[in-house]
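What follows is a pair of forms of the same protein chain, given separately as structure tokens and numbered structure 1 and structure 2.
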Structure 1
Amino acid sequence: MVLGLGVLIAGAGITLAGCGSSSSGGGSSSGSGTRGGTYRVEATDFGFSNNFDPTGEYTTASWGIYRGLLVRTLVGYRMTGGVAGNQLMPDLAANLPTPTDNNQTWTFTLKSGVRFAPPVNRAITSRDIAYAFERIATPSLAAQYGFYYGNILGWDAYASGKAKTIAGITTPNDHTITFRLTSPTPDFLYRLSLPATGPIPKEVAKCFPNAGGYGRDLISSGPYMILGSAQLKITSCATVRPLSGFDPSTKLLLVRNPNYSPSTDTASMRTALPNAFSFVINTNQTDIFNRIRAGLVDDSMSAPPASIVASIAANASQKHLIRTGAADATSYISMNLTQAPFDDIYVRKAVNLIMDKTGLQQAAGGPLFGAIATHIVPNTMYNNDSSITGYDPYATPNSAGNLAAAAAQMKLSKYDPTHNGTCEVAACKNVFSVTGNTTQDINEVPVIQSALAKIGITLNVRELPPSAMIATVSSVAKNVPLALSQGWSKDYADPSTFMTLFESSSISPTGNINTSLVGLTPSLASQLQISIPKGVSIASIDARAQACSATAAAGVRQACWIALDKNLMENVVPWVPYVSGNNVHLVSSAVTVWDYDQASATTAYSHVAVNPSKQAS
């Protein structure tokens, strides 16, 4: 998985699973859980990107564990599904502050009584949060979303070693921390909800000067801690050994943190009912779900395949075991605005109109696994605003494509010289396209090929392993005309985390996330050693995106992003968005409480409970 500003999904089929509205389950589960038991989770692979060190960890699976169980941040979420789950709440902070200086100065007061888990045991101070930021700014620790904090005053000076502290972060006392920014950043609270900003005790973390090391000895600030924490000796770095409860290749075992005080927390964020959590690697995916059905395991970190979901959904006594939640992710086809025939907006509109989105949804596992997407940013991230929920500029019957409407657009393009509604020129034949080689990705190919053939576009599709697919698509030099089965999910619930995909500043030679090259200028193209076809003018949304980013008033800001989303869909047309993905979970019958963590797009581990008497062993 390539990790960018958002999380670029390697083949939409890999991560996008599950659907919000479900006939057999739902986004959240109420229920009266009781304390006790162990919540048992299995995964084919943890997939941790930085050995579970919060500074560099950039996977939704790890974020779910951090937020619910181990790492508290100044600002958090309600830990539930839907729009409510994207609403910010104070966590370590006593209140959500009101920024001053045009959203450039943010001062927080910390709650009292929050302590680190053993063996540190002491109260968490503002200095521990400042230290977390210093780690993010330390290049050797490989923070993967440090760009969110680059406008903190003095950031670059600290990162380059020219300063001993970050000038823009001050801690006048143990309970106060102030951030001074160099530019207005109305979404700064969201950025403070990311787990890398959680407090880190220097007395332990200083022992790990390299990326990922601290993950083996993470000191919890949440309701649980890694097994073995109490036995850890931190008198010197020489005595610090990996905690017994964590081995990245086999297990992560959590027990209660005796220093956690529920009075410093809220039930809407964490109820912390199970006594323990076990996350165990089981490389056999089918076995995981068989074990869940048998009551031997309670949950999985990966989505069940459609074949298993279908068999469970067909069983009236088991269908309640399927739980779903919106992933705040969009699956899309990316069209390169510099490559024929997609350098013509009428062709791009025709592609949107001919696409069989229902077929693509079916290839993804059907409606349970995602709703049809009609624009860029998932509706949940617009708080289901009525001005966008019904918006579909390329509506077709049953979302299965409309040949007449597509042909009408194609007739207007330069690639249909005979104006017969199909592209007959060479530029439309054998168009180089890239996709993943997962089953879902491959199943999507014939749907796309079949649809495009109707307007005269044929594809030369390369099916690549996910990592190779991402490397190819994100290489500007490769200049892939059509990238199939792409996916993007949020880092936090602000549309800016999607819109950055279309800003010219996101275009880079490798690791490029602006795969449509929206906003590419002749000078930038020259730097990248690519060319813009003669007569083609590439639209830019830079100014509008920056204006939206700088807008603080929530309602106005949201309206600004919605207008930009519509502008992209109608006047730029870089994508064919087709599925707003959901996550599907299969839980055991021993699970009595289960909720969905909308912010992390996974199980809300802080809101689950099990009945041990129903757990098989």
Structure 2
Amino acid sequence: MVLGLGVLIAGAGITLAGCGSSSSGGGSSSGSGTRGGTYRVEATDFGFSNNFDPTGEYTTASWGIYRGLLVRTLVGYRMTGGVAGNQLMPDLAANLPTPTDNNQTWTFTLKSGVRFAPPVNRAITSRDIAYAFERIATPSLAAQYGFYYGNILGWDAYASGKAKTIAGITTPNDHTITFRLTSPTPDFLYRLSLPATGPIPKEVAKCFPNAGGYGRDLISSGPYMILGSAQLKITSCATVRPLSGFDPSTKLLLVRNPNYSPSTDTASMRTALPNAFSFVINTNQTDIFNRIRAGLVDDSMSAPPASIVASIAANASQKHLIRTGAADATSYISMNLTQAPFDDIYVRKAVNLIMDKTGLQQAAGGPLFGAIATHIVPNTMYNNDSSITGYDPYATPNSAGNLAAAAAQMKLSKYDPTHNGTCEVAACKNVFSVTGNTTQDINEVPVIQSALAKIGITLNVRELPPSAMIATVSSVAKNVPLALSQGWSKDYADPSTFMTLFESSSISPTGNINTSLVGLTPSLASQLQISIPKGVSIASIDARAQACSATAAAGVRQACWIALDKNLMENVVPWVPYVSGNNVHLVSSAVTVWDYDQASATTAYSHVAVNPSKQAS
């Protein structure tokens, strides 16, 4: 996921889909939680990838809001930190079913009494879930992680307009839904936890046939709803107007859903203590955290500047305001295998060997913000297996880069015709690169530029707001050669959600997550109007990834993913991974309960509370 596409993570600044661990000092802050008040959150940019339409939205920021507050799915999580936060629980489903037909048939019974928020005001049925899948399979709606569902029987026929329903999804009655798959899928329950699969009322969503439209009128199935929902007129599509509580450029305001029944939920999943949530854009990152310290804001969707974190950590009376959670995320530099000079594997290896990862770690905020990364998938996703925790194919002294080792690789490259250890040709100069404009992203740029200059590569860096950066990097038409300060967090607790970044099925014209274009075939390149340089053969991991995905035995499955991780690092080399991230939050002194949502890598909004008397105004 965009920290976590998912969920992408862009440096330490924005997370496109992913997760974390327990909060600093425990799962919640001191004090007791009572109902009431407004939980106030600010962000420099929501960074939404699809205008908050759950069908296509692929960011951790959105997933945390969906899961805790607005969108219930068949399967969910406790929304707490650590290992417990990655454990599946039934949500809309009455229980977690046992699959049949070699993990290819899954049947669910829905709970009774779950209703949509106003103005729909009716019971949620199995057909509402089936309709959500039909939206995922509709090309015009740009479902950015629709690849997770392509093996549902009849999926392609529906997507191509050859069938009016998805044959593998049946709803014999309002409380039963069955999924039939074309191949064994042991992790299918995890896939059903993703927000796009939550119920959607057709009477509203049918009015939005294009990507991103439904986000402005999202109808809640959770404990809160967007302000203005009760006033929405849905007698026809002509009467549907954007909800007053949501403007993607300024605010997202949530109030209680009067149709939500706690008896259909569990307190371990959602306690829903605040009366309202206020998410507001403030483009001044430093100001956000000054406002948190002053009690004017309670939390942030943006990462705090390292300098502010350091000053608070040094203050005995304030350091309890710092909350952290392991993000199950990797920050990385993405190299495009179709663009010079990164179409040469020796250049890509040289970039890995020259990179000052310690410098990048410091620029991102230091060890509190994450450990040095040496491969694709965070060690926590492998349960810290000893066969991978010490693995570092591009080890350098103090993780600060090794010029001699990098030059030795560069000498093998076609871009070093005189074999002097530097990239000598014009293609290595002023290479177009994209990054975010958060403090952390900007701090990382000179570290990367300095390192690459040592091997003859200079950059033309464009700094963009997070949402614009994501849109640019994920556009195949723009075909960005080098994407700096990127990040990816798991979509769910299986390494497959990182490996999907390198499968050819993940390459798409917009919302493309395979930014290195691993597995790009000549026919797909022609279809997308991408040129593959003459003599370049782009590696594919498709067959190996599919074999790992079909493996049910936990130990064998993990060993398969570890071997593929190593293959990517040594034989494909699409990234320079540099930090295995932590998410760092600052909260105000008015926050009496706080927990971390491991599944979404955000604040667990379903488990927070504030004391209004301590909130400044």
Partner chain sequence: MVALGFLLGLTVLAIGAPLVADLIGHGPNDLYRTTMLDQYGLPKGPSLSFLFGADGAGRDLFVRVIYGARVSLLVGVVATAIAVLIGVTLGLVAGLRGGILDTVLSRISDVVLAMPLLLFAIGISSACSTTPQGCVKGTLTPGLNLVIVVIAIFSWPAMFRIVRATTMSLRQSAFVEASRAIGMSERNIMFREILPNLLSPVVVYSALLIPQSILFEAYLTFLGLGIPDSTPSWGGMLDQASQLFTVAWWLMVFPGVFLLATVLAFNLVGDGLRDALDPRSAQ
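Residue positions are counted from 1 along structure 1's sequence. If you superpose the two forms and keep the largest set of C-alpha atoms that fall within 1.5 Å, you have the rigid core. Everything numeric here is computed off the predicted structure, so don't read it as measured data.
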Study note, to complete from the structure: Between structures 1 and 2, the form predicted alone corresponds to structure 2
Point to revise | Per-residue C-alpha change between the two structures, Ala563, threshold 2 Å, rigid core fit | key: yes
Check your understanding: Taking the rigid core as reference, does the Cα of Lys349 move 2 Å or more between the two structures?
Key -> yes
**Study point:** Exceeds or equals 2 Å, Cα of Pro119 between the two structures, core fit
**Key:** no
Practice item. After lining up the core, report the Cα displacement of Ile376 between the two structures in Å, one decimal place. Key: 4.6
Practice item. Any chance you could measure the C-alpha shift of Pro481 between the two structures with the core superposed, in Å? Key: 11.7
